[in-house]
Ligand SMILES: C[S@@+](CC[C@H](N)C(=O)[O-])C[C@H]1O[C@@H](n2cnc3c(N)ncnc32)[C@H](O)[C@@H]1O
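Next comes just one chain, in structure tokens: the form predicted alone.
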């Protein structure tokens, strides 16, 4: 047996080999809460609290992985997003807090379409973990959500999310996940949509040099990077999908590279969409482009 407080100190020392000390401490607390159900103050209130040998071994393995740079979310297999725990793994990006604003805005538009038409449909392109698709489905009970990704491994993760209890209580419908290469052009067999959203790859290859190693070495490059010579390739593709599948008056929103806000907006303006605007995230950075399909 090992005292919890000693395990915490050991974890901080191991994880701080890669992360700053304060961040390492937070990661240790979060992992132990995941493993043991403890709180960050448990070792203070219960100084004699012990941890079983099997749990110590599990914790040490996790601390070693985090100390080598593996993200906490991949170690636990869970990421918190929009008030819910999502399954994640190295085949999908870890959901970021900034993307919650996209979900909040799109959900509002989806609910408005439902109140006007008695039904609503949303399409999520490059769905990854499915965090956007599931959030829209759960926040807008009765809405039909379709989500596409080129990666079968990512679709497996997206389909693995289990919100059955919440769905049963609210009447929400699970998203329908489809395999599709967004760059190959729109699939018209799934009908028209009131809302189209996407958080596609948008990080430039040249930006790799300033990224943290825990992202660069562990998160899937397929979902992150675009070539420097054609950084807007996915946004042109989204504009094609929206041109074919977004209902007149329908709403679209994409997450973008902060250094290419106006250039991304121009893609949608040149494609004939109206009310195109660049929106900032909570840190004041250009992070989204919104647009409307003109009647």
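Numbering follows the first chain given and starts at 1. Just so it is clear, the structure is predicted and the values come from calculations on it, not from any experiment.
Absent from the display: the form predicted together with the ligand. The rest refers to it.
Q: Although the partner isn't part of this model, could you tell me whether residue 128 comes within 4.5 Å of the ligand in the predicted bound form, counting any heavy atom of the residue?
A: Judged by the heavy-atom cut-off of 4.5 Å, residue 128 is in contact with the ligand in the predicted bound form.
Q: Does any part of residue 31 reach within 4.5 Å of the ligand in the predicted bound form? Heavy atoms only, please.
A: No, residue 31 is distant from the partner.
Q: Heavy atom to heavy atom, is residue 234 within 4.5 Å of the ligand in the predicted bound form?
A: Although the ligand is absent here, residue 234 would touch it in the predicted bound form, with heavy atoms inside 4.5 Å.
Q: Is residue 199 a contact residue for the ligand in the predicted bound form, using a 4.5 Å heavy atom cut-off?
A: Yes, contact at 4.5 Å.
Q: Check each of 108, 150, 75, 173 and return the one that places a heavy atom within 4.5 angstroms of the ligand in the predicted bound form.
A: In short, 150.
Q: Which listed residue (138, 146, 223, 157) meets the criterion of a heavy atom within 4.5 Å of the ligand in the predicted bound form?
A: Contact residue from the list: 223.
Q: Pick from 114 to 122, 207 to 215, 175 to 183, 159 to 167: which stretch has non-hydrogen atoms within 4.5 Å of the ligand in the predicted bound form?
A: Heavy-atom contact with the partner occurs in 175 to 183.
Q: Counting only non-hydrogen atoms and a 4.5 Å cut-off, give the residues of 86 to 119 close to the ligand in the predicted bound form.
A: The stretch touches the partner through 93, 95, 99.
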